Each structure stands twice: as C-alpha cells, then as structure tokens.
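As a starting point, one isolated chain is supplied in structure tokens, in the form predicted alone.
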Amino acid sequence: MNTILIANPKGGSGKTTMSTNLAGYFASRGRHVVLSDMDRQRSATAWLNRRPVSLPLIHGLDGRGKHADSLSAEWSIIDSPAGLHGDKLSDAVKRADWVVVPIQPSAFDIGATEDFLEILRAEKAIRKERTFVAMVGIRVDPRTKTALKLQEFLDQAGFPVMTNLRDGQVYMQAAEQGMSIFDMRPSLVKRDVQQWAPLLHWLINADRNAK
C-alpha cells in the first residue's frame, strides 16, 4: 500500500482539497483507494457522502479507527487535522511514504508552515529518508505580491516544490458535488490537470522506483 499524508498545522490550508483530488485521481485510474479522514470537522467524509455512485469508488475510513478495506488498498490518502503535532504527527509520518504539505500565499500560512517544516526535518522517518516530503502552493495567483513572497519562501524551504495550483472555481464546484477535478469534463479542467501533473508524476515514479 502507498500512503500519502496531507499535512499542515494551519486550518484552511487546502488539505481536504488536496486529499480529495488525489483520491479522485487514483480512483479514476482504476486503483483501490482509501480516503482516511482524521479531521474532527469530517470534511473529507462529507465529500465522500456527496459523491455520486456513478463515479469511481473511493472507500472512506475514520482516521481514528481501523477499516478492512485499508488492508488491501493500493493508495491510502490521509487528510490530517489542523494542529497535528507530537506523537500523533510522528506516528502519521512514520506510516506514510510521502508527506505533501499544501501552503497558501499569506503571511499567516507561511509563518505556520515554516515552524511545521522545522518539526518535519526532525522526524526520524524523514531524516532517514523512509518518508519523503513535497510542497505544493495552493490557491496561487502568480500576478500578486503574496505569490512572489510564497515563492521566495518555497525556494528556501529545503523540500522539493512540486507545483502551484491556481485559485479556480472548478475546485469549489467539484467539492460541492463530491467530485474531484479528474471526474469533471476535461475541457473545463485542462489547465488545472496540467498543474497537478508534476506532483502526480513524482508520486507515481517514486512508487515504481520503490518496486
């Protein structure tokens, strides 16, 4: 099983958007996917409950419990809660193959993420290169000063930056319908799918190389 932990201590950083769209992508490729919801707000679970039965199946999992389907899953996506720290963070990182850190272009997000990255660097699984970390800018408008400041921060972060995702209405539309952008009409999401390509390429190639 390949496990991806989506983590950032700040609420509203885009973790659920990242989790649901990753789950939607792998499900659209015919993979057995489990979406684990660790957040008390249960946003990922609510998204699954809205998901049309006609779309590729994604199994839900209460992140605080066990689920039989997770044992045979090809891809497990973990939507972590805000404020994940201490032993719970260490345990989640240890069980993950990859940690994807979404970050928005604001001073508050950058400050919170900077402290979080220091904690990640100290995690044994990351230091020993058993778990790998990547950064993703989310809701980024490259024409703004805040986007420039975010890029400057990411350049110094010490972890690879996979891509920047735009602040597109397609994400809100998809979330409202229990869909990912990979379930939508290709002509509507062509630009967005292209922005996801570097992250997906990294995950898939890393999985192949590991085998």
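The numbering used is simple: start at 1 and walk along the sequence shown. Because the structure is a prediction, the values reported are computed rather than measured.
Keep in mind that the form predicted in complex with a small molecule is missing from the display, and what follows is about it.
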item: Triplet Lys10, Thr16 and Asp167 all within 4.5 Å of the small molecule in the predicted complex via a heavy atom; value: yes
item: Non-hydrogen atom contact Ala147 with the small molecule in the predicted complex at 4.5 angstroms; value: no
item: Phe153: touches the small molecule in the predicted complex, heavy atom cutoff 4.5 angstroms; value: no
item: Contact label in the predicted complex: Ile78 to the small molecule, heavy atom within 4.5 Å; value: no
item: Leu55 within 4.5 Å of the small molecule in the predicted complex, heavy atoms; value: no
item: Partner-proximal stretch of 28 to 36, 182 to 190, 169 to 177, 154 to 162 relative to the small molecule in the predicted complex, 4.5 angstroms, heavy atom; value: 169 to 177
